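Heads up, the chain shows up twice below as C-alpha cells, two forms, tagged structure 1 and structure 2.
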Structure 1
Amino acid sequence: MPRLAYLGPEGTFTEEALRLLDPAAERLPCATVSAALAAARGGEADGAVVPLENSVEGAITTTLDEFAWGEPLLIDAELLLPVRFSLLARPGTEIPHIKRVYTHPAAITQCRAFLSRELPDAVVVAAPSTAAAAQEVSLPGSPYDAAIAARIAGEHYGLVELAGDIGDRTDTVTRFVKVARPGRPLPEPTGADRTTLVVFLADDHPGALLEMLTEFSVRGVNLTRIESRPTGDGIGRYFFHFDFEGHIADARVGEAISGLHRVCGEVRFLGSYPRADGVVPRVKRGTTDEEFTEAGDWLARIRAGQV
C-alpha cells in the first residue's frame, strides 16, 4: 500500500483528488504543498498529490517553483477535479446569523457573488486552506461562524452544509498531479498522453522564446500550457513550464525535447503520463513514428553512399 503525502489537513480538495487517484493509498496530510513534496523527496512518503493549476485562478505557483528548483520528481498521473464549494457551519447555525466567515483566498475569489448576495455584512478572513477553515470552525469557541470548503471537509469535522455549489462558476476545475521520486519505469504510452518540462534559457537574446517554440512547431507537437516564472536573478529573467501532447516515447516528442536540450541552458523532464481528459492528439503528416523511422533509414542509406 503506497503512502502519499498531500496538502492537508483532512478535508481538502487535494485529499479528494488523492482518494480518486489512488483509493487504496495511505494518506499523509501536510501543512503546505512544499511540505508534501518534501515528504516525497525525503522518503517519508512514496509520492505526493499536489494541485498544479485551476481553470479560474491559473497556475499554482508554489508547485511550479518546487518542480523547477527542488530535487527531481516525476509526474505519473493527473486528475481534473470539479471544484464545488459549500458554506459549512456548526449544527444549529443559520445564514442570517453568520458574521464571520473563514476560508482560503482562492475560495473568497471564486465565491464573491454568493458572499455579496447572501452575506453582504459578514467579515471574510483568509485561512491556510479550506479544510483548515472547516477544522477551525468546528472547534468550540471558534471566532468564526462558518467556513467555505469542500463538502468532504464538513463530513470530517461535523459541520452541516448551509448552502452548496456556491462558486461563481459551475465549471471550475483544478488539475492535480501525482508525483514520485525518479527511478521507476515511466507510464506506458496510451495514445492520449501529456508531457511536462521545465526549460531554462541558455542566454537572453532576441527570438529565444521563438527558438523554443519552433522545436515543438516543426515536429507537430501541440502545447497545452506554457507558463513563465522569474528565475530570481533580476527583472526580466524567466524560465518556462511547458505541457504538451504526446509521450516521450513518441518520436516527434523525443525529437522536440532533444532539440530543446541542444539550444537551451537546462531542460528538466517532469514526466509523460496519461491525460485525464483522454484527448488523443491529431498527428500531422510527416510527424508519425513510422515517418521518423523511414526518414532515419533514408538518411542512413544516403550516408552510406546508397543514393
Structure 2
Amino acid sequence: MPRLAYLGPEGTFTEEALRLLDPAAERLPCATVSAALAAARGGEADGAVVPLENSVEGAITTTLDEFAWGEPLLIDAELLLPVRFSLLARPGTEIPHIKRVYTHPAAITQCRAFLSRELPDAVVVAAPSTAAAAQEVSLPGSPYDAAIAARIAGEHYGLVELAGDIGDRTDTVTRFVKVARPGRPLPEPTGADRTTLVVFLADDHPGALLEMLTEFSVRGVNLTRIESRPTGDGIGRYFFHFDFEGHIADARVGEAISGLHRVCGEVRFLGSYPRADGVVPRVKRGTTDEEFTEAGDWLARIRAGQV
C-alpha cells in the first residue's frame, strides 16, 4: 500500500483528490505543498498529491516552482476535481458578526464576489489550507470568526455551514497531480496522455520563445498549457512550463523534446501520464509513429546509397 503525502490536515480538497486517485493509499497529511513534496523526495512517503492549477485563477505557483527547482519528481497521474466552497463558523455565529475570515489563498481568489457582497468589511487572512483554516476556527479562542473550506471540513471540525456554494463560479475545477521520485518505469502510453516539461533558455534573444514553440509545431504536438515563471535573476528573466498532448514514447513527442534539448539551455522532463479527461489527440498527417519510422528507414536507405 503506497504512502502518499498531501496538503493537510484532514478535509482539504487535496485529500479528496488523493482519495480519488488512490483509494487504498495510506495518507500522510503535511502542513504545506512544499512539505508534502519534501516527504516524497526524502522517502517518508512513496509519493505526493498536490494542486497544480485551477480553472479560474490558473497556476498554483508554489507547485510549479517546486517542480522546476526542487529535487526532480515525476508526475504519474492527474485528476480534475470540481471544487465547492462553504462559509463555515462555530455554532451560534451569524454572518453580520463575522469580522475575520480565514482560508487558503486559492479560495480567497475564487470567492471574491461572495466576500465583497456578503462580507465587505471582513478582513480575509491567508491560511496554509482550507482545512487548516476550518480547524483553527473550531478552536474556542480563535481570532477568526469563519473559514472558507469544503463542507466536509466543516463537519469534520464541528463547524456549521452559514452559506454553501459560495464560489464565483459553480463549475470551478482544480487539477491535481500525483508525483513520485524518479527511478520507476513511466506510466505506459494509453493513447490519451499528457506530458509536462520545464524549459530554461540558453540565452535571451529575439525569437527564443518562437524557437521553442516551433519544436512542438513542426511535429504536430498540441500544447495544453504554457506558463512563464520568473527565474529570480531579475526583471525580464523567465523560464517556461509546458503541458502537451501525447506520451514521451510517441515519436512526435520524443522528437519535439529532443529538439528542445538541442536548442534550449535545460529541459526538465516532469512526466508522461494518462489525461484525466481521456481526450485522444488528433494526430496530424505526417506525425504518426508509423510515418516517423518510415521516414527514418527511408533516410537510412539513402545514406546507405540505395537511392
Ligand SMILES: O=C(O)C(=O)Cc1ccccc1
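Please note that residue numbering is based on structure 1, beginning with 1 at the start of its sequence. In this text, the rigid core denotes the largest set of C-alpha atoms whose superposition between the two forms falls within 1.5 Å. What you are looking at is a predicted structure, and each value in this text was computed from that prediction instead of being measured.
In this pair, the copy labelled structure 1 belongs to the form predicted alone. After superposition on the rigid core, displacement of the C-alpha of Ser116 between the two structures amounts to 2 Å or more. Core-superposed comparison between the two structures: the Cα of Ser142 travels 2 Å or more.
Superposition of the larger rigid part on its C-alpha atoms leaves the smaller part rotated by 15 degrees between the two structures. The two forms line up on their rigid core, and Leu88 then has its Cα shifted by 2.7 Å between the two structures.
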